[in-house]
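Shown next are two forms of a single protein chain, provided one at a time as structure tokens under the names structure 1 and structure 2.
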Structure 1
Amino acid sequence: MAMTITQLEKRIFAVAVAFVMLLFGFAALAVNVFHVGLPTCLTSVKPFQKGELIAHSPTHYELHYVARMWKFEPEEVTVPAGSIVDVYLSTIDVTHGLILVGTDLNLMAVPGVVNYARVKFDQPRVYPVICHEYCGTGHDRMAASLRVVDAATFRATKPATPSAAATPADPRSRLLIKNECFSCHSLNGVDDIGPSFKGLYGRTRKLADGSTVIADDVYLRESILHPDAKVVEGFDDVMPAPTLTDEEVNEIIAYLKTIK
């Protein structure tokens, strides 16, 4: 008996519906039976700007990751084995991704929203965190780590706060903290995304176009207000132009002179 077109269409439609049901069935099975945490996009939670680990109990943590060009904050996190970690991910610039290598955790960091998933850590080990969404020239530098240690070790180590350690105590550095200059520049001589400020004033700078310039007041002012006018050799032209008043720039330059 020949099938009419409508009958055939109905059957194809029924099969398609059956597959969709099967998909939801498997998802329900994964969540309820295998306790797989499905990533969730939380549109009602306001994106945050600060990466931090918040302890709700000795075995329950809330982890706020902030993705940015080109790092994750916090860069190093330690939790005790056996804990449940609610991971929230937010970005302050472009779209990034976050994979916790060795687990099922795979989230997107999309501007304007927060993505969420829950992970349970049973055994002590170190998990690398990497970005899986190409986000610019520094993409392959986006790496962090999450350490799971046994409970005794965890109690013995006080929680690391690398961002606080990197933030200088000198009150004159307030403008640099406020404008997040330290997310790319250090004071200790170690280059990051940008060159370190250590010993910068008065030094000869090699520029990307092959020329050289002395890092005097004029150069510093221009470097701060118009970062793309002169690009230091070996660095990407990624510094955002900050909004600063003349006095603020003077204050920053005066401070930079003290970083010997």
Structure 2
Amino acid sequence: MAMTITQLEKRIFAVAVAFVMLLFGFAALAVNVFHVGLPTCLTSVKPFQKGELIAHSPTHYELHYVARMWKFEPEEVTVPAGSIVDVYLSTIDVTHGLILVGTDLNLMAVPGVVNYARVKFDQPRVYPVICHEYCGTGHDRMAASLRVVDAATFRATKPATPSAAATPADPRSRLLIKNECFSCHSLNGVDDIGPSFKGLYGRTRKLADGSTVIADDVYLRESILHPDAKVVEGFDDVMPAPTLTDEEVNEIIAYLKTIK
């Protein structure tokens, strides 16, 4: 006897329900057996401003990743094998992505919200962290790493100390450090994502529209507060506008004058 339309519809519905139940079963298996956390958008959690690793126990950690143009903070993390890590991801500027290569962790960093997933690391290994969402000219260099080591190695691991070359020693550079200016601008005369600060003050700058301007106090003030107003030739308009007081801008300009 030929199958009626009603019987066919019932079979299709039953197959669909079975498929959905199978997906829920796999999700429950991943969470409860393999300790893989499903990606979750946490709108009730305030975005983090600082990246850090928090230890809740010798085998349970909370990892706050903060994405910004163009790096992840923290850039390197070490945990012991056997650890369960709750990963939280925030961004302080534009949309970024985060893939932990070698795992199923794949999160989006969306302004204003925190994304979350849980991962269990069983074996020692180095996991690269990369951004998979195009976020500007420095996107290809946006990377970090998560190291999983054996228990003995982890006990012997000491927190990394920033090198003296990574942060200028001059206390007058504090505002540039605070606002991540050295992520794009150097002090050694080598251009990066943005022009070098060395010898900047008083120089003639050629702009993207073909005109020129002297890098005096007026130009520097405008470039700091309104970076898209006069873009230097050969560079992209990617600098975010900082929130600074007049006194802070004056302090930055005074410091830039000293970098010969």
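Think of the rigid core as the biggest set of C-alphas that the two forms share within 1.5 Å after superposition. Since the model is a prediction, treat every value here as computed from it, not as a measurement. Structure 1 provides the reference sequence; residues are numbered from 1 along it.
- Structure 2 derives from the form predicted alone, whereas structure 1 comes from the other one.
- After superposition on the rigid core, the Cα of residue 62 moves by less than 2 Å between structures 1 and 2.
- In the core-superposed comparison between structures 1 and 2, residue 192 has its Cα shifted by at least 2 Å.
- With the core held fixed, residue 46 shows a CA shift below 2 Å between structures 1 and 2.
- In the core-superposed comparison between structures 1 and 2, the CA atom of residue 176 travels 3.7 Å.
- Taking the core as reference, the C-alpha deviation of residue 240 between structures 1 and 2 is 4.4 Å.
- Relative to the superposed core, residue 14 moves its CA by 9.1 Å between structures 1 and 2.
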